[in-house]
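As a starting point, one isolated chain is supplied in structure tokens, in the form predicted alone.
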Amino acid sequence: MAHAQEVNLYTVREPGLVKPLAEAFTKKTGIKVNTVFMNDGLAERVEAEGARSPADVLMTVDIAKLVEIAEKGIAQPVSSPVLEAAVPAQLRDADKRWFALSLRARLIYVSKDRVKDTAMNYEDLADPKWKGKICIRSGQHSYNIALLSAYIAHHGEAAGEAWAKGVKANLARKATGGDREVARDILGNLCDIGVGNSYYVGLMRSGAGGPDQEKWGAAINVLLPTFKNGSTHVNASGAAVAKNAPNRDNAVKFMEFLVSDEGQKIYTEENFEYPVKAGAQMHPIIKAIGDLKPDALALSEIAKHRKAASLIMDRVGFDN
């Protein structure tokens, strides 16, 4: 049963981000946000609940998860001039079933002391000059699967496999840990360069992760890489209106709020993410990284290559 003044949100995002967004929306509209937090399995839960699901908005992270929502048929198309004006075409589903809400760029972290390069392409990570110099998290992690998927979309599967093999050959240590550990290990002289997401730079340099992480963030320069035939690879957080949303109109209003100047400001202030809306305010730490030009390839096109990317990571023994 629908109630005029509420909206039910299912999300895998952290309460520290979601609560400020929900509170600001309620303050602005009077519509209460009932939030169900989960670590994973959002799509499976909504699918299992079927037509009786109370979910109105499905909020998740990663290209693959957004595409999964559409593929499972648990989202409905939304025609919203507000969403379409704020979210560039490549950052939303062509059939309007999901929209990106914030972005994180896949960056290259380099040692301030040992690396003089001020610009790099993703292709450069496979250059033998970096043999024994690279740190990175698991190749099967969604962030790296998305990056390899984008590489395949630009250059083809054979080139993608050669690149993954080249990066593997350049590793200073096993592909493991998280993006922040990449910065830690650069500080510790285990490696000279590495790959990490943009919002981790904010978490480290702001002190939000504690004094040790602040030192890790201070030890690196951050490069905004591009593909040689494109721009910077981004992954996204995003949302969809559930297929059986009992409060559909409120769900659309909530998503429109999330891409408003106010909503976008909360994303960048609370979690150091790039706004999806052009011209929206950015946290100074993220703004200092440089002018982000997201890859023009559609996220949904990149996501088509995720199975091939995972198989390549296995074939080259990236995590071994």
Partner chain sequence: MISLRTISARFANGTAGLPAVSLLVAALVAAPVISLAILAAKGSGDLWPHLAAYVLPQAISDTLLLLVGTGVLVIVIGTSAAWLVTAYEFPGRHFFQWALLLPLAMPTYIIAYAYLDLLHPIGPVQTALRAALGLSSPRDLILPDIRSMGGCILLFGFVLYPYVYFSTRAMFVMQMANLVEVGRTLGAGSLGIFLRVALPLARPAIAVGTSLALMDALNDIGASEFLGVRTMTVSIYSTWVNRSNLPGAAQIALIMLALVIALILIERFARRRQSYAGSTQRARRLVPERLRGVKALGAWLACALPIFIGFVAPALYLFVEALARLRFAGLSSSLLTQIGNTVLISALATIVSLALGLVLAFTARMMRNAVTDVILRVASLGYALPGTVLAIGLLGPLALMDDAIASVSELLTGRTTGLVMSASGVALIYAYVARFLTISTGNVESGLSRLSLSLDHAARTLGESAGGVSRRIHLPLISPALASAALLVFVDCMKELPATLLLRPLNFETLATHLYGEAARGTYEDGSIAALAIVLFGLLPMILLARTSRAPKKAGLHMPQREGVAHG
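Numbering follows the first chain given and starts at 1. Please read all numbers here as calculations on a predicted model, not as lab measurements.
The same protein also exists as the form predicted in complex with its partner chain; that form is not shown, yet it is the one meant from here on.
- This chain lacks the partner; the member of Gly156, Gly210, Gly73, Pro128 within 4.5 angstroms of its partner chain in the predicted complex by a non-hydrogen atom is Gly210.
- Checked against its partner chain in the predicted complex, the residues Asn189, Ser79, Thr118, Asn229 give one hit for a heavy atom within 4.5 Å, which is Asn189.
- Exactly one of the stretches 92 to 100, 132 to 140, 105 to 113, 230 to 238 approaches its partner chain in the predicted complex with heavy atoms within 4.5 Å, and it is 132 to 140.
- Its partner chain is not drawn, but in the predicted complex it has a heavy atom within 4.5 Å of Pro54.
- Not displayed here, its partner chain is kept clear of Ser300 by more than 4.5 Å at the level of heavy atoms in the predicted complex.
- Taking the partner from elsewhere, Gly30 is found to have every heavy atom lying beyond 4.5 Å of its partner chain in the predicted complex.
- Taking the partner from elsewhere, Ala245 is found to have every heavy atom lying beyond 4.5 Å of its partner chain in the predicted complex.
- Residues of 227 to 252 that come within 4.5 Å of its partner chain in the predicted complex, judged by any heavy atom, do not exist; none qualify.
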